[in-house]
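Next up is one chain by itself, shown in structure tokens, the form predicted on its own.
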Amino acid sequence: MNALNLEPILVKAAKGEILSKPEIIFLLSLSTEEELAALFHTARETRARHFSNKLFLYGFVYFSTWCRNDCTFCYFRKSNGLPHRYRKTDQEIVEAAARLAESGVHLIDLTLGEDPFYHHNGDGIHSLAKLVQAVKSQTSLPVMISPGVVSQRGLEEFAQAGADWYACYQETHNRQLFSSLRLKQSYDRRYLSKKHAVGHGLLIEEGILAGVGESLADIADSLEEMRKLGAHQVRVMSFVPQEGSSMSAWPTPDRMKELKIIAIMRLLFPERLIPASLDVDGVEGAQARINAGANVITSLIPPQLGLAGVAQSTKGIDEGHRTVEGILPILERMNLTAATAEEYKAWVDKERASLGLVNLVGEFGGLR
């Protein structure tokens, strides 16, 4: 293919037609300023058709940095002795969530490593469900729970407690690469946990890492797996080398790779949510990700509470940069605005209602 093939591919995508794997790889291979400008422009136009000029804002509470896993890419892997380990109390978590709600976020993302306190303790998952219930009661906002892999019973408890979302990233859908990133973990168990979550009425988020040894074909395969999974929120984050990890000497990729993936996600999933994470490059990197087609700002963290980020555990947090107050001026300069909490909840309610419809079709082979 040459540059002359770009326009028909973008026209096809703008019409909502499914792109082929070769077409996706072609878009991932774009390199000239003119080509990239056309890709990002089409992604923004697609976002505007479905979401107008409004973005959603997510509050992030990373309440335990203990983990039983030894993922090669992660700063908080169990064998790394460098991180500050903490486990916040329920009261501290609820208070942090309340501060985020007061600041104007639309969702509370409760995230932790696969902390043995919760995963090896018989009542641990139950206590997480009670925490979801407490945060939901305190904030009246949708809640996302990101606890790693849990059983179907745990997912059912989360749903009963009022959780709206379950997030569990595969990082890659190349099984061999997965096994080198998530050591001694089951690809199938992690993947199926998301399918089971949908069966319990939870919306799901799927995510990949860019720059960990994947090929362009691997990225295209991941996007197809996200489509088959029916993910309601899809994300990509650039790999950031972590001190004390076995990948500490790896380079972080050129951010253009992440931006192209965001734009292609917008073309492939026009009605889905796509985050611009502050966890990689802070607020400084938000504008480029939004210009690529993202419609969610994630990893907004209240300062001075001792809470960490993931990819960059301290970047911009205690300075107060990763707050609603810090991000709104950026949106204003881009002629964008934050949606209302009611608008976000309406989107969530619509998607969750569609899950019930899908489940009915699956159970009865069609609607009666």
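Residue positions are given as counts along the sequence shown, with the first one as 1. All figures in this text were calculated on a predicted structure; none of them were measured in a lab.
There is also a form predicted together with ligand SAM; it is not shown, and the following applies to it.
At 4.5 Å between heavy atoms, is W250 in contact with ligand SAM in the predicted complex?
Contact with ligand SAM, no.
Flag R190 as yes or no: does it have a non-hydrogen atom within 4.5 angstroms of any non-hydrogen atom of ligand SAM in the predicted complex?
Because a heavy atom of R190 falls inside 4.5 Å of ligand SAM in the predicted complex, the answer is yes.
Since only the chain is shown here, I'm wondering whether F56 would be in contact with ligand SAM in the predicted complex (any heavy atom pair within 4.5 Å).
Flag for F56 set to no.
Just to confirm, T111 within 4.5 Å of ligand SAM in the predicted complex by heavy atoms?
Yes.
Interface residue in the predicted complex among M237, L202, V143, V234, criterion: non-hydrogen atom within 4.5 angstroms of ligand SAM
Of M237, L202, V143, V234, the residue with a heavy atom within 4.5 Å of ligand SAM in the predicted complex is M237.
Of I219, C74, L267, A292, which residue is found within 4.5 angstroms of ligand SAM in the predicted complex when only non-hydrogen atoms are counted?
Here the answer is residue option C74.
Give a yes or no on whether each residue among Y62, G148 and E171 has a heavy atom within 4.5 Å of ligand SAM in the predicted complex.
Each of the three qualifies.
Contact segment among 98 to 106, 281 to 289, 151 to 159, 112 to 120, judged by heavy atoms lying within 4.5 Å of ligand SAM in the predicted complex
Partner-contacting stretch among the options: 112 to 120.
Check each residue of 241 to 268 against ligand SAM in the predicted complex and list those with a heavy atom within 4.5 Å, in sequence order.
Residue within 4.5 Å: Q242 only.
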